[in-house]
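The form predicted alone is given below as one chain in structure tokens.
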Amino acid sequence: MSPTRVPVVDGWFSSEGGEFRLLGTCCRGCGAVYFPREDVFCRAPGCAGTELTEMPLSRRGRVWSYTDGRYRPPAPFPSGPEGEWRPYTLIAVELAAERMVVLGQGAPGVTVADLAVGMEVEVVPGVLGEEGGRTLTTWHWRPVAEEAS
């Protein structure tokens, strides 16, 4: 029997309709967009809005910055000291339409050598790890393949 797939954080992403998207919220009063989502009140200065609606974020953005992690993160990251450790790539991606930067891991196999500031990337489903018979799902960033001219 395969492990149950569970989002590492409920409500932060969705694959409804076959299209994987990060989910944010938008203040109806001033239009401020939040990720991670804000469901209680608008944090924008000067706005007292309390009506926030869920919205899918852009699937593509541009690399704003990146680095590699060569250390084992502490708990609650699902990586015990007995498990195999692999370095990972962290990518900060600017979503122009939302005017925000979203941090995430690079897709498996993506290294800092594959990245450049300003290059286009897309959000894809990913796996954070296995824990207690469950597969913890998350999002990853992957470079967009250049189209042949």
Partner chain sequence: MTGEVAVLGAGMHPWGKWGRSFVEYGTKAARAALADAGLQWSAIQSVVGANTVRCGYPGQVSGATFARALGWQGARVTSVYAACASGARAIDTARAQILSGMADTVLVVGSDAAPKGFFAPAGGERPDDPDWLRFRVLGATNPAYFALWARRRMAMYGDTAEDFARVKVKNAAAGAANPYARYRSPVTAEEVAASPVVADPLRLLDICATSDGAAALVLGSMETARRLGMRRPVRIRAVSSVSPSHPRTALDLPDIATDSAPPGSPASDPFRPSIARAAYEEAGLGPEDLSLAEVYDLSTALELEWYEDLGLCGPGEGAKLLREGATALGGRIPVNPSGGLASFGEAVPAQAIAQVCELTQQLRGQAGERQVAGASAGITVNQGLFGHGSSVVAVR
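Note that this is a predicted model, so its numbers are computed, not measured. Residue numbers count along the first chain shown, from 1.
Omitted from view is the form predicted together with the partner chain, to which the following refers.
- If you check in the model of the complex, is residue 20 within 4.5 Å of the partner chain, heavy atoms only? Flag for residue 20 set to no.
- Item | Contact test in the model of the complex: residue 105 vs the partner chain, heavy atoms, 4.5 Å | Contact check for residue 105: yes, within 4.5 Å of the partner chain in the model of the complex.
Exercise. Heavy atoms within 4.5 Å of the partner chain in the model of the complex: does residue 110 have any?
Worked result: No.
*asked:* My question is simply whether residue 86 lines the interface with the partner chain in the model of the complex - judged by any non-hydrogen atom within 4.5 Å.
replied: Result no; residue 86 lies far from the partner chain in the model of the complex.
Original post:
Check 8, 36 and 100: does every one of them have a heavy atom within 4.5 Å of the partner chain in the model of the complex?
Top reply: Every listed residue reaches the partner chain in the model of the complex, so yes.
So which bits of 35-52 sit within 4.5 Å of the partner chain in the model of the complex, heavy atoms only? Sequence-ordered list: 35, 36, 43, 44, 45.
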